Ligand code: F6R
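One chain is shown next in structure tokens, namely the form predicted on its own.
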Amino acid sequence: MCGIVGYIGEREKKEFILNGLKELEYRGYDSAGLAVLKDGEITHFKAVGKLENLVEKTKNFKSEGFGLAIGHTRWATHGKPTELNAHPHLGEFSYVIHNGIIENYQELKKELQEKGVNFISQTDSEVIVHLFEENLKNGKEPFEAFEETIKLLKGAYAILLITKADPKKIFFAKNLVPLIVGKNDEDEIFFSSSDAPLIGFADEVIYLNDKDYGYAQKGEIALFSEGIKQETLFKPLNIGKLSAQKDGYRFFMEKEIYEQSAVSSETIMGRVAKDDIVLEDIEDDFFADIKEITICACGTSYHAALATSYLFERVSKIKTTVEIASEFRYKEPLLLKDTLFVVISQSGETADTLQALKMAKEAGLKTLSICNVDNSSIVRLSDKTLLTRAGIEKGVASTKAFTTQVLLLWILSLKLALLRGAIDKEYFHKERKIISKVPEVLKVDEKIHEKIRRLSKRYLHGHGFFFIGRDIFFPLALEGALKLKEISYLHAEGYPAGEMKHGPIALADSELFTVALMPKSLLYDKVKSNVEELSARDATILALSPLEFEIADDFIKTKGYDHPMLEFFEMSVIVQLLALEISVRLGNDVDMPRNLAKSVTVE
């Protein structure tokens, strides 16, 4: 979830760029950089870690007078957080910053290397600047060269590029990633990936559409789409910085629910190849001699582990145990060296999970962390790490961290299945196609969101909620109940649907709300029978299913995907939205629920 800022004008450019990047810190980052083009020369600075490190590097640099400037905060996706991998990326006489992922960068990079182009970073972004300069060398004018470059890129991008070949222009392009262009009455032009850095500087802005590109220079913004020049339609700029950070959503949690589609694409990118799973910095032999898996986590991460444990056993054919980290520490566990010990943590600082990891390390087990924050304590201690690439999550109740954890563990289960010969290539190719559909499935259906908003007013009382499901939908039921508890303060339990008759059904009456997860692709008839038992005892039923269920008091019709994991992700979004809208109705602080912290760094 990188950040971009850019500027054309007379003011001190370094200060605008640094202040703009400061406004984007909420998006999360692990390195930062800037470049200034003034009097035909480009000066650049990069730093790993916090923005203060870049401030320190640039403290003696001045950039007064007319010029161009671009700045970037990077969240690592391809390559570790190092200065070489930080933006801006350098060509011979041009610099680029880029948010998103270029899906075909390996193919483009190979072609450029065959022409003698040298790459110095591990990123996908560097290919953009070299491709641009190669087009220039082939006789194109600078804007034509940029236009040809954009045509060759596949994937998500927000791009700003500056070059000595045209020192008065910033070239820009946008697809699937936010990019805003702003201006004021003083002929200054601004760029950003969010409104917040522009407040107090720009008066009007253009929110670029997908496939928009163009150039900006003093007094002119030229906008194109598919080779056709577009009218520049400016809008007044929102003046609330907190609102700007929320991108128009009411709460960060709501924004993060809607972001799940985009971040799931980043989780998949570069990992699910045509014939294999490619896990960065993890060689196949790391998994040699592993006979079983133990996954250890807390809270939402525990639910992600529990859901995917079904996949490790069903698909990978490997014995898998899931442990609650706060309990694992004290049970004197048997730790066998042929066990892969996997820990999951959004922050990488969860105290109980960190201590469990230390126990596994001391016992000599191979360790792997699933985490969202590079260079965190858990990442540094683990033998190997897979980053979820979810971007920073400001809402205390986790949403996109959960879905990206599940998605990444599913990908890992397929890797182990291939290595163990548990699946053939035909099965893998089918699963690969299914995984590619996840970002689309995670897009919020506005009609369903509106229905949930209306339904929520009927679920504000009663003596509690049961969320029920079977198989992988049981852990999702646990997660749905946890979300509701966290932000609405209503009592909720997640339960295996088949266990209701073993005691909990005694609670059933009209004031017990049951949220039934009823996928058509997995044990539908079994769940239906369990829900009918509750309905017969007058429980109020909210059914989530693609199949009409006449005895449900309320019904949310899902799309009916043929694969359980696609139904899982679709229902994940629905239970998150349900918790959100009930909490809103109750007047609670959705993003900062009482008694909770985002990162639990104590026991």
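None of these values were measured; they are calculated from a predicted model. Each residue number is its position in the shown sequence, starting from 1.
Quick note: we don't show the form predicted in complex with the named molecule, though the next part is all about it.
- None of the heavy atoms of residue 195 is located within 4.5 Å of the named molecule in the model of the complex.
- Using a 4.5 angstroms threshold between heavy atoms, residue 345 counts as touching the named molecule in the model of the complex.
- Although the partner is absent here, residue 452 is not a contact residue: none of its heavy atoms lies within 4.5 angstroms of the named molecule in the model of the complex.
- Proximity of residue 483 to the named molecule in the model of the complex: non-hydrogen atoms within 4.5 Å are present.
- Shown alone, this chain has one stretch from 280-288, 327-335, 389-397, 202-210 that lies within 4.5 Å of the named molecule in the model of the complex by heavy atoms: 389-397.
- Of the residues given (497, 298, 307, 160), 298 alone sits with a heavy atom within 4.5 Å of the named molecule in the model of the complex.
- This chain lacks the partner; the member of 530, 350, 267, 94 within 4.5 angstroms of the named molecule in the model of the complex by a non-hydrogen atom is 350.
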